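Next up: just one chain, as structure tokens, the form predicted alone.
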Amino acid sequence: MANEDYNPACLPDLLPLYYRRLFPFPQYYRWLSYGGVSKNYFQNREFCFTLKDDIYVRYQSFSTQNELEKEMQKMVPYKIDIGAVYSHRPSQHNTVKSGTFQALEKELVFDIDMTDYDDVRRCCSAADICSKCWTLMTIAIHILDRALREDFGFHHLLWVYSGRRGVHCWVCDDAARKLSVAARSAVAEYLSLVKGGEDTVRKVVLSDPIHPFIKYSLSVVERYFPQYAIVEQDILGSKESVDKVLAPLPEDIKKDLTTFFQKVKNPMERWEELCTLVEHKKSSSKKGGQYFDKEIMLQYCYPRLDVNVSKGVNHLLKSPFSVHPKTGRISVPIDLKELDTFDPFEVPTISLICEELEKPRTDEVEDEDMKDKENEQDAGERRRIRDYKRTSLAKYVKVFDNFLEAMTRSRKGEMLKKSDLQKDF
């Protein structure tokens, strides 16, 4: 696997360089300012820094991009979390009257963590991931992205790799940022299908007729299930895993399959027989549709959300472009056009990009540096932009740029609509 070059002991030496020369501050500030949507929007945003030795500093806030940069370069956070936009500056939360300091707005966010799939993945467990189980994140993004865009009408979704074992989604539309706790809960519940704890055998229960959203989700899962679950996870390979798959089924189907499995060892043939028996039972049942095969597929592959992260307006979530201290990988935006080929092990580590930064520069860059010296205004800004462009971070910042451009175009379109409406009056 790529990027095995990272040594956590080097992080204190690498982070100052990263924040000084590589972190994309202009784009970051542009994102969280939302085109100056209201006077104090950026200033009232909470940042939380985790420093060396797990020192946790909440309620940080900054007036300008420059102030944010200087503070991050001074404090050198090991992790950056983003919180809500509050009624007052978070840094002054102790000075305002009790009860008046309130979280007003925040992006609608989703956190999907591979550890939540530990009961259904056989290749890895806990914080470990591999290319086999990463398919679960690919499925999750396909399903949730479509639902948030088409079922809820959101447009500006930023999908981000967490740097270790999961993905985050930031829904940045104006309407999404203004949602109440009740509305956020409703969206999260709509998107949640897998219910129940460790002792729950049948975690997905479908009723007739199947909801259009679940139908679409199934069409995504069915595309990946044979290769992912039957072949790579081999869920019908060992007795233990077979028992787990068969557990939610009615006793008569279970009995027939146990007999069949004694004769047939091929996992794909076993799965086909399971689907055939379920279909036969469904057609002969007076109760209407029974979808045991589909429920199994969803139980093994459907996105598992940490609903509490989505519900709370004041919940913190790890920032894009934060560095994961354990893996050294940067938390980077994911290009949905290349979702099926996204490889978390190819995401650059802080060691790699700092090393790339030290490589000899081309004549073209040196010529530009001479020009910068002649015109010092904005020279530092331009130099930093060129710095990340010389590293593996460049393509991920480009994804972020494209996301920001789409938001800007949308804002301009809204403003034009409003001005046209005013002219009509």
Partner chain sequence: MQFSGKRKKLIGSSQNDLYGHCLQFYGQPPLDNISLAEFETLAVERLKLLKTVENLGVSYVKNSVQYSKKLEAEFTSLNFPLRTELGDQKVQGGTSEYEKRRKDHISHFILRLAYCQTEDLRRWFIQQEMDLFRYRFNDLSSKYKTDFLHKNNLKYETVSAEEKNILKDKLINSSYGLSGITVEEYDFYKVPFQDALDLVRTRKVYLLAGNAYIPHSEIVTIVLNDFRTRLSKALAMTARSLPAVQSDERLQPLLSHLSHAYVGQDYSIQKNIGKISLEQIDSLSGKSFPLCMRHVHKALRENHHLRHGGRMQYGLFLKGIGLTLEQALQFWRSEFVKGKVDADKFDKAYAYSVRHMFGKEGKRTDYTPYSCMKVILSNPPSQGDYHGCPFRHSDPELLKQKLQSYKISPSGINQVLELVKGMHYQLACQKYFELTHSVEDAGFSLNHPNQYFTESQKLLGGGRDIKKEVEMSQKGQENPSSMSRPSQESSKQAHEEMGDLDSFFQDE
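Everything numeric in this text was worked out from a predicted model, so none of it was measured. Residue numbers count along the first chain shown, from 1.
Here the subject shifts to the form predicted in complex with the partner chain, a form of this protein not shown in this document.
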Open item on the list: Please identify the residue among Gln73, Ser87, Thr276, Ser185 with any heavy atom within 4.5 Å of the partner chain in the predicted bound form.
Closed with: Ser185
Open item on the list: Exactly one residue in Ser285, Thr95, Ser219, Asn308 has a non-hydrogen atom within 4.5 Å of the partner chain in the predicted bound form; which is it?
Closed with: Asn308
Open item on the list: Please pick out the stretch from 339-347, 199-207, 233-241, 255-263 that is in contact with the partner chain in the predicted bound form, where contact means heavy atoms within 4.5 Å.
Closed with: 199-207
- [ ] Report whether the minimum heavy atom distance between Trp170 and the partner chain in the predicted bound form is within 4.5 Å.
- [x] no
TODO: Considering only heavy atoms, tell me if Asp54 and the partner chain come within 4.5 Å of each other in the predicted bound form.
DONE: yes
Open item on the list: Against the partner chain in the predicted bound form, would Lys318 count as a contact residue? Criterion: heavy atoms within 4.5 Å.
Closed with: no
- [ ] Using a 4.5 Å heavy atom cut-off, state whether Arg304 contacts the partner chain in the predicted bound form.
- [x] yes
- [ ] Taking the partner chain as it sits in the predicted bound form, which residues of 140-157 have a non-hydrogen atom within 4.5 Å of it? Please list them.
- [x] Glu150, Asp151, Phe152, Gly153, Phe154
